[in-house]
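Here we start with a single chain on its own, the form predicted alone, put down as structure tokens.
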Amino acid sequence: MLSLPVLAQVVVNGVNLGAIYILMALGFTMIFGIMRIVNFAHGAFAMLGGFALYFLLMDAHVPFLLALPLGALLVGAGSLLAERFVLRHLYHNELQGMIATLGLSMVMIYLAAIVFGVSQRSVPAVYSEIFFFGPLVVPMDRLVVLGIAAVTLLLFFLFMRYTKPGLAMRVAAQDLEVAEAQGINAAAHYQAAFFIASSLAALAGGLIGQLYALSPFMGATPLMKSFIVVILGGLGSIPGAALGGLLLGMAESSLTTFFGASTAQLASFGIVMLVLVLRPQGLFGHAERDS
């Protein structure tokens, strides 16, 4: 039954989903925009972020609000090994980079299956309170997810727009030759960008693990959502990733509520195909110009 409380609940759930999708898509589109690599290992880094949060909470007994960013940073630091030994010589080589990251993803997933086992695990609920805002029901863990995502997005925006490394990354993404002519160390900034992107994926994976189940194969869905978001917003466009993530979250929330999860998934791919036909560069992307 359509009512104002139901619509309000749909919006709350949609914004919450969108926040996680944006975190995933930001790192994905950042890697493509700066290095021109479609990173198929992005979902695997999200999976590692979920397990990092699990072990920090369960074995090291680190408080949640410290364990979540710490786990993301640890995964980001570990991702530098992949950057150094797998991807460093493949930047701006889209086909070989895509194949390499696909292989890297498989290696990470099945190593995780060997080390962690294939059984699903659950991150214990850290926050069990429920808030009632009139007819609106909002679990505390959803508010925490939304708050963490909002703070992360703000910090990311400030970093990219107002710091020297962020500006250098944007210059390198727009014109590598100009960046190097101005004395920008592209290799160092690529390394930093990969660290940030992997940390964002791991942070999103930790948030997903807090709300859903953990398994070595859990990264496939976040990776798929990242693809959908960046196609909607435009591959390589950070504002497009933010808008695309919010649109996808709202669409999934509303369609799941009124028509079921299967319809929501079907509609997501239908929207992607429609965008590819009508505007292949996405909402904020730029059409490729012939050289």
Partner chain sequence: MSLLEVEGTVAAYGSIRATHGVSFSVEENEIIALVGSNGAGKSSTLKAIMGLVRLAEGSIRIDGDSVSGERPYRVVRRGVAFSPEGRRVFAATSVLENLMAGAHILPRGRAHERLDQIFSYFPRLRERSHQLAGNLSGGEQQMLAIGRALMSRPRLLLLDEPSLGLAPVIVQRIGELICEIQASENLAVVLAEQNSNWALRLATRGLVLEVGRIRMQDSAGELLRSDYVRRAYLGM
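Numbering follows the first chain given and starts at 1. Note that the coordinates shown come from a computational prediction; the quantities given were computed from them, not determined experimentally.
We do not show the form predicted together with its partner chain, though everything after this point is about it.
- Note on the partner interface in the model of the complex: the residue among L81, V115, A181, L95 having a heavy atom within 4.5 angstroms of its partner chain is A181.
- This chain appears without its partner; in the model of the complex, the one residue of I109, V144, A168, L73 with a heavy atom within 4.5 Å of its partner chain is A168.
- Note on the interface: of 96-104, 182-190, 215-223, 120-128, the segment with non-hydrogen atoms within 4.5 angstroms of its partner chain in the model of the complex is 182-190.
- Contact check for F133: no non-hydrogen atom falls within 4.5 Å of its partner chain in the model of the complex.
- When contacts are judged by a 4.5 Å heavy atom cut-off, H89 does not count as touching its partner chain in the model of the complex.
- Contacts of stretch 81-115 with its partner chain in the model of the complex, defined by any heavy atom lying within 4.5 Å, are made by none of its residues.
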